[in-house]
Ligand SMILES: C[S@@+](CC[C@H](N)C(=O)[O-])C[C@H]1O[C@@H](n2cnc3c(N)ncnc32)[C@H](O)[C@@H]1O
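Before any questions on how it binds or moves, here is one chain, the form predicted alone, in structure tokens.
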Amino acid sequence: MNSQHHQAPYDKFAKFYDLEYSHKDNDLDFYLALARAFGSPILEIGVGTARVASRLAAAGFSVVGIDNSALMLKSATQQLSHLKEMLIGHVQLVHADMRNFTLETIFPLCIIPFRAFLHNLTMDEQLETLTQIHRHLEPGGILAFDLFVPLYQVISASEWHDKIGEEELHPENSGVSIDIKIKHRPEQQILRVTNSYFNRQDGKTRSATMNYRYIFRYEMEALLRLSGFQTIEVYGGFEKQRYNYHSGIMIFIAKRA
């Protein structure tokens, strides 16, 4: 593992991340189908708590997952310990930044699930990440990732907020609810998301902040082309629906040209 001593943004989210997302499964069959089509080892950028990687490993694929949060990787290690012993070795976790990593392996497939690419906050960072991935793919290798669509009716606001009650989290009896505040800086295409986690059991609130730089469809295609990729498909959902702006999701399949 690369040693990285600075605190990563997700370190503060790590303790609560699975409450909100461990039961997210609408993308798993999509990434499994890609694994079956293109084979392993698979490079996963932003492996997080191994939600996707553990499913791929359970299906027999080997995954090298990188993340810049040591605490998320610690949680991933715990998740993977539940796999059958013979499958634990199928996932290698690497503490590294997606903009600057070097691995020994060349991959037929790289995936970036659940919009992790949006944590690149400048064009330089976006291109650095794509360049690193390009270096680690076989000729003709595939890059697949999903982003949210910047919907006009959403990004027309300068700030908004949302709440997630404990009954919507997993497990439902966690005693935790989430208050979400989003500040929008349209001139930078940046959303600053602050989650405040209220724990009913100890009466404490803990907060964590994350930034996303949203990307429009053809902006993303231009970034891919600049980095030596050819866009093959843009889907509007995980069942390979045709891209539709109003679906709120866009999934890119690109080939190392």
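Remember, predicted model here, so these are calculated numbers, not experimental data. Position 1 is the first residue in the sequence shown; the rest follow in order.
Below, we turn to the form predicted in complex with the named molecule, even though it does not appear here.
Chemist: Consider V176 of the chain shown here, and say whether it contacts the named molecule in the predicted bound form, taking contact as heavy atoms within 4.5 Å.
Modeler: Outside the cut-off, so no.
Chemist: Are any of the heavy atoms in E128 no more than 4.5 Å from a heavy atom of the named molecule in the predicted bound form?
Modeler: Close contact is absent here: in the predicted bound form, E128 is far from the named molecule, nothing within 4.5 Å, heavy atoms only.
Chemist: May I ask you to check whether V52 falls inside a 4.5 Å heavy atom distance of the named molecule in the predicted bound form?
Modeler: Judged by the heavy-atom cut-off of 4.5 Å, V52 is in contact with the named molecule in the predicted bound form.
Chemist: Using 4.5 Å between non-hydrogen atoms, is M98 touching the named molecule in the predicted bound form?
Modeler: It does: once the named molecule is placed as it appears in the predicted bound form, M98 has a heavy atom within 4.5 Å of it.
Chemist: Could you tell me which of 182-190, 106-114, 152-160, 76-84 sits within 4.5 Å of the named molecule in the predicted bound form, going by non-hydrogen atoms?
Modeler: Checking each option against the 4.5 Å cut-off leaves 106-114.
Chemist: Since the partner is left out here, which residues of 30-48 would have a heavy atom within 4.5 Å of the named molecule in the predicted bound form?
Modeler: E44, G46, V47, G48, in sequence order.
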